[in-house]
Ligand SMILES: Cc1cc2nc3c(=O)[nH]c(=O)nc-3n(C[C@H](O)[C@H](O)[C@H](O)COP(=O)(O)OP(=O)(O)OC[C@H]3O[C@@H](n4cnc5c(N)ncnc54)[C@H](O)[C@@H]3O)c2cc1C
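Here we start with a single chain on its own, the form predicted alone, put down as structure tokens.
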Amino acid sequence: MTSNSRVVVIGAGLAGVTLARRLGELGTPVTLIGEEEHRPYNRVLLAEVLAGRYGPEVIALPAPAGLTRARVTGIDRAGRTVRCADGPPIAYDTLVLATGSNAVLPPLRGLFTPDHELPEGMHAFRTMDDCLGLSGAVRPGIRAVVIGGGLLGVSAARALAVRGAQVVLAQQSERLMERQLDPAASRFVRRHLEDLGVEVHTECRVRDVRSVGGAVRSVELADGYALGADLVVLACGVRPRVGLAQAAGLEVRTGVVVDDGLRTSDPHIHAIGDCAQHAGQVYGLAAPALEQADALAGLLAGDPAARYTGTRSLTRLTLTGPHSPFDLAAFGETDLRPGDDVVQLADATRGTYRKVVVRDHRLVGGVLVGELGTVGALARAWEGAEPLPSDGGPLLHLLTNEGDSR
């Protein structure tokens, strides 16, 4: 790429901002387009803003000099321009889609008012505006229902409970955070939430939302049981934002399909972050977004070895509360296959749980809850994929070593 090539990045989230900053450090100017009014921010920390632990300014990302506030309405691949709702088209030589994802709105009766708006008190939890709207509405004693018991729902329920709300968490599957945690670890998370006063319902399906005068009043479950609610938080997952890519005729499956160079089906357009699908995988996590941004920065700066081959990502969540923090980490494969070995250590008194799965003498996954002094060493052993000694001694040492949190 020549020094005067025009690089345009659509999306000012973690992936887009990181890419723009890396390219700027390498001497390649970038036009970064973001549609949110707020400074770019780390979406991972929104729950801490909701909990009152951080102000919005604390989670702000360094904004590159070339940030343009605009809503992109289309891509002209033939003319290599980006159309915006206001202002002239923006020309590019290389375009990067870092459009992120949208909150999933479940198909519930009563979810929208006759004007096709969410009723008062009903909130998605994906953007800074969502977070600030919730923060302005929550107060001690208010009745809040969180729909969805994944990573986002657990974080939102904890944050609202810390703010003094009476929280009910409704999860359709049989346990919390079922995508990341095994049943034992999930029980520890549930106990932590219940210790904060959260009422947890699993294996229940929300059917209906009841509103009065345009304001939410209750959530009805499939069995007819109604939960009184002044606030309802929709934490039902996210969906990649692929509308621009689809309209431009790019290959899209779940996300925008990219190769190891993070190129789409148009060689002049790349995609990174939550909207990208690489080798069949849409990650939706911070670590892969950062790795993709780093790889693409190298590629666009002319590094012939730069490429992205996938991320072995680790999920980390810290739940702060009025007592001690509650930490958990999960990585790799935690469901057992025939022939796998598993090592588990649990201490109900201390609220700690550790489980690792070994396959063919290699560490393939693990779940850690509570004191996470071992997470750094275990993650390195997993990422390195080196064979473990057959006597199991070093693995047990990794599980019980409290001193290494790097």
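All residue numbers refer to positions in the sequence shown, first residue = 1. Predicted model, so just to flag it, every value in this text is computed and none were measured.
The discussion below concerns the form predicted in complex with the named molecule, not included here.
Any of the heavy atoms of residue 285 lying within 4.5 Å of the named molecule in the predicted bound form? Flag for residue 285 set to yes.
Indicate whether the named molecule has at least one heavy atom within 4.5 Å of a heavy atom of residue 143 in the predicted bound form. No, residue 143 stays farther than 4.5 Å from the named molecule in the predicted bound form.
Contact of residue 92 with the named molecule in the predicted bound form (heavy atom, 4.5 Å): Looking in the predicted bound form, residue contacts with the named molecule do not include residue 92, since no heavy atom lies within 4.5 Å.
Can any non-hydrogen atom of residue 34 be found within 4.5 angstroms of the named molecule in the predicted bound form? Flag for residue 34 set to yes.
Can you check 295-303, 198-206, 267-275, 246-254 and let me know which stretch has heavy atoms within 4.5 Å of the named molecule in the predicted bound form? Contact criterion met by 267-275 only.
Using a 4.5 Å cut on heavy atoms, which of 330, 193, 108, 151 is close to the named molecule in the predicted bound form? Only one listed residue qualifies here, and that residue is 151.
Contact residue in the predicted bound form, from 123, 80, 126, 175 (heavy atom within 4.5 Å of the named molecule): The residue in contact is 126.
Which residues, if any, of 59-73 lie within 4.5 Å of the named molecule in the predicted bound form when only heavy atoms count? Result: 70, 71, 72.
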